[in-house]
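Coming up is one lone chain in structure tokens, specifically the form predicted on its own.
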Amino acid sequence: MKIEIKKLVKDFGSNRVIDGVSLEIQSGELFFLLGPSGCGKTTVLRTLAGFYEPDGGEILFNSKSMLGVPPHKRNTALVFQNYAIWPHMTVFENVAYGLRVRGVSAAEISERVENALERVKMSSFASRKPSSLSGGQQQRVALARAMVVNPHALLFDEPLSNLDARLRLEMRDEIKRLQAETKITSLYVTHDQEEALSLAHRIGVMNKGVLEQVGTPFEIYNKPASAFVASFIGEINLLPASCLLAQQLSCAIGGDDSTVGFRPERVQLGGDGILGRVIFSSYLGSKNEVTLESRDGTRIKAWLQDYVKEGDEVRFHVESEYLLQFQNKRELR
């Protein structure tokens, strides 16, 4: 199912939470909405689900308007961060619940629930109660319950935020596998950049109710449209184009009224580069994280393959193809 959002607006009192957001989610796509807390991403998801009525704009499912359509008639399924599974029901009963309220026959319920549990590798837990399951297992049950009703769209609201680091990685792989198998159109809301970069077909980055950029993970990371996007996705060095270091890097091409950026991993040592002093060094095995200070006192982060220790003087440079420039009207808010 294709989802279209056109100039969506949502207000809560005098506070405009969504300000003219427009985007298209293609059929079968795993689309991520990414942004800091309070940026409006969850409000977009809940408006799509029908929990909120928009104050402006349109929502279309396969070109059909959803304005005024109640949640239970949109054929969407949600996966929440707190699992939202019934503690008094078994795993089987939790997954079957949505089918029962839809009046599906007992024989079909049994077959579909068994298939859904097998898909999430929870068949052997069908008779268990949620209290006996780990957080990752409960989230698998929530996934099975969402998929068993054959929704046109899956909506994920920070589903992994309550899991520990190891389980988050495990469930990331599981969600990616399941979405690839089912090809259900999916919108996934998160503030976790690594989650978005590792799972998404495309990402939309939101800031203060506005969609700043939409693109593939590669485009968002390597070709950010604004200093906000550049700084929110991964780490980046941002310098005023007027500073000496920016001029030494030969990147102040847009005049002084702009900001220059480059990723820490793009810093290279050697050659006739800029002289700097290592004021912090942390060796992590796969890389050496350092802070370099140039002669004008500007400090930057660098992730190096070569080990350097604090107090060393080195020469460094950044290839011009990796230098980014942002006009100050689009700078970090």
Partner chain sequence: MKKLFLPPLMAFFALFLVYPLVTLLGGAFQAERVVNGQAQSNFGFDYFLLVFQNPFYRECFANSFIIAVVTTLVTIALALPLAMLFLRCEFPAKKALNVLLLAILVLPPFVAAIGLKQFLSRYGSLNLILMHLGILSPQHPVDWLGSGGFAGIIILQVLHLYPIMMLSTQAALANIDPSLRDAARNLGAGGWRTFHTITLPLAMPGIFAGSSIVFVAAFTDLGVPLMFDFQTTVPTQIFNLVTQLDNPVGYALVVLTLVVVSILFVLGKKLGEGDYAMMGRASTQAETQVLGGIKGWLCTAAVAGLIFLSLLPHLGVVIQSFAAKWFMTVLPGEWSPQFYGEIFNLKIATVSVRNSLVYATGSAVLDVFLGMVIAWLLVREKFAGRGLLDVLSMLPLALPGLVLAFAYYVTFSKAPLPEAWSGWLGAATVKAINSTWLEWFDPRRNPTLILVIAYAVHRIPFMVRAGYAGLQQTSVTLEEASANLGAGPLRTMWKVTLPLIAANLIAGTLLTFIFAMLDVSNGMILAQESQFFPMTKAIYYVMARITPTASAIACALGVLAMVVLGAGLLLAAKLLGQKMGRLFRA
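The shown structure was predicted, so the numbers you read here are calculated from the model rather than taken from an experiment. Whichever C-alpha set is largest while still superposing within 1.5 Å between the two forms counts as the rigid core. Residue numbers count along the first chain shown, from 1.
Unshown form predicted in complex with the partner chain; subsequent notes refer to it.
The chain is drawn here without the partner chain; in the model of the complex, the stretch among 205-213, 259-267, 130-138, 169-177 whose residues come within 4.5 Å of it by any heavy atom is 130-138. The partner chain is not shown here, but in the model of the complex it comes within 4.5 Å of a heavy atom of residue 98. In the model of the complex, residue 198 stays away from the partner chain, with no heavy atom inside 4.5 Å. Mapping the unseen interface onto this chain, residue 280 falls outside it, with no heavy atom inside 4.5 Å of the partner chain in the model of the complex.
Although the partner is absent here, residue 190 lies well away from the partner chain in the model of the complex, with no heavy atom inside 4.5 Å. This chain lacks the partner; the member of 241, 236, 149, 117 within 4.5 angstroms of the partner chain in the model of the complex by a non-hydrogen atom is 149. Distance criterion of 4.5 Å from any heavy atom to the partner chain in the model of the complex singles out 78 from the list 122, 163, 78, 184. The partner is not shown here, but in the model of the complex the stretch 80-114 reaches within 4.5 angstroms of the partner chain through a heavy atom at 80, 81, 82, 84, 85, 86, 87, 88, 89, 97, 98, 100, 101, 102. In this overlay on the rigid core, residue 201 has a C-alpha that sits less than 2 Å away from its partner position between the shown form and the other one. The Cα position of residue 239 differs by less than 2 Å between the shown form and the other one after fitting on the rigid core. Positional change of residue 171 between the shown form and the other one stays under 2 Å at the C-alpha, relative to the superposed core.
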